[in-house]
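One chain follows as structure tokens, the form predicted on its own.
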């Protein structure tokens, strides 16, 4: 599993691209355009690609059963899942949280459980939707690369 792809995708779906990341990625678009794309895709008022397992699996609310399942997983394995301040994350079933957790776990049976039980049921389809819906390159490529990593 490519750790850089997991972290980049986690970052891109969790918070807007700032000047240092824009420069590192070589994005020609101005920050305002990147910010508008982040909001269109992930925040809304009616986001095109809400990055939550609950939403993608048709559950009645953000978080809900999907978030409880992830919290139970974390508790069983002694993991403390914390979202950094400033990230646009409403619930722990957010793709960025799950990818960061996968990165943290590395390889092994706990990572395999996270992949099989929490990410693979919804994330590859979601990442395809993101790849098709995004208008700016950083999001298109990261979605494609991450989908390839998860499948």
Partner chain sequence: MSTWTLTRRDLLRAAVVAGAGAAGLGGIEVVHQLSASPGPTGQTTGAVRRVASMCQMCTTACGIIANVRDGRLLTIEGNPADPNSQGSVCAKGVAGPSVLYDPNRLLYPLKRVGRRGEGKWKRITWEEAYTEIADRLRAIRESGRPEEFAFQQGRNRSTDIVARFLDAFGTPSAFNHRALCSLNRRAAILSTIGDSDWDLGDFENSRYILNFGSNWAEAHQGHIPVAIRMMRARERGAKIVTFDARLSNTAALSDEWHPVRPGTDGLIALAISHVICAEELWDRDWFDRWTNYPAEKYAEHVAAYTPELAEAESGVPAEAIRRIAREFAAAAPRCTTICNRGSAAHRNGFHNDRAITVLNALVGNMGKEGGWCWHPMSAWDKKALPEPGPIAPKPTARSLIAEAKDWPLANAWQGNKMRVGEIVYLWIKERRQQISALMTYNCDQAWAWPEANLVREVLADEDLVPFHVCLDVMASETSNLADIVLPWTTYLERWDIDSRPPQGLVDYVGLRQPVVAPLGESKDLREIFPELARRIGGGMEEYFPWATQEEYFERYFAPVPGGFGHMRTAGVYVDPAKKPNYLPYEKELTPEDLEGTRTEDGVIHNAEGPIGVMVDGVARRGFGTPSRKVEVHSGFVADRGREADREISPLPVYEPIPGHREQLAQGRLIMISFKWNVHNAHRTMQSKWLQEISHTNPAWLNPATAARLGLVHGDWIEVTSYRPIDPQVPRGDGSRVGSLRTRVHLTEGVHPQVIAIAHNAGRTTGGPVASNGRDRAVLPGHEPPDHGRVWWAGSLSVAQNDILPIYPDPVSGQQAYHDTMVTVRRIEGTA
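Positions refer to the first chain, counted from 1. The shown structure was predicted, so the numbers you read here are calculated from the model rather than taken from an experiment.
FYI, the form predicted in complex with its partner chain isn't displayed, but the following is about it.
- When contacts are judged by a 4.5 Å heavy atom cut-off, residue 70 does not count as touching its partner chain in the predicted bound form.
- For residue 7, a non-hydrogen atom is located within 4.5 Å of its partner chain in the predicted bound form, even though that partner is not displayed.
- Residue 104 belongs to the set of residues with a heavy atom inside 4.5 Å of its partner chain in the predicted bound form.
- In the predicted bound form, residue 90 approaches its partner chain with a heavy atom inside 4.5 Å.
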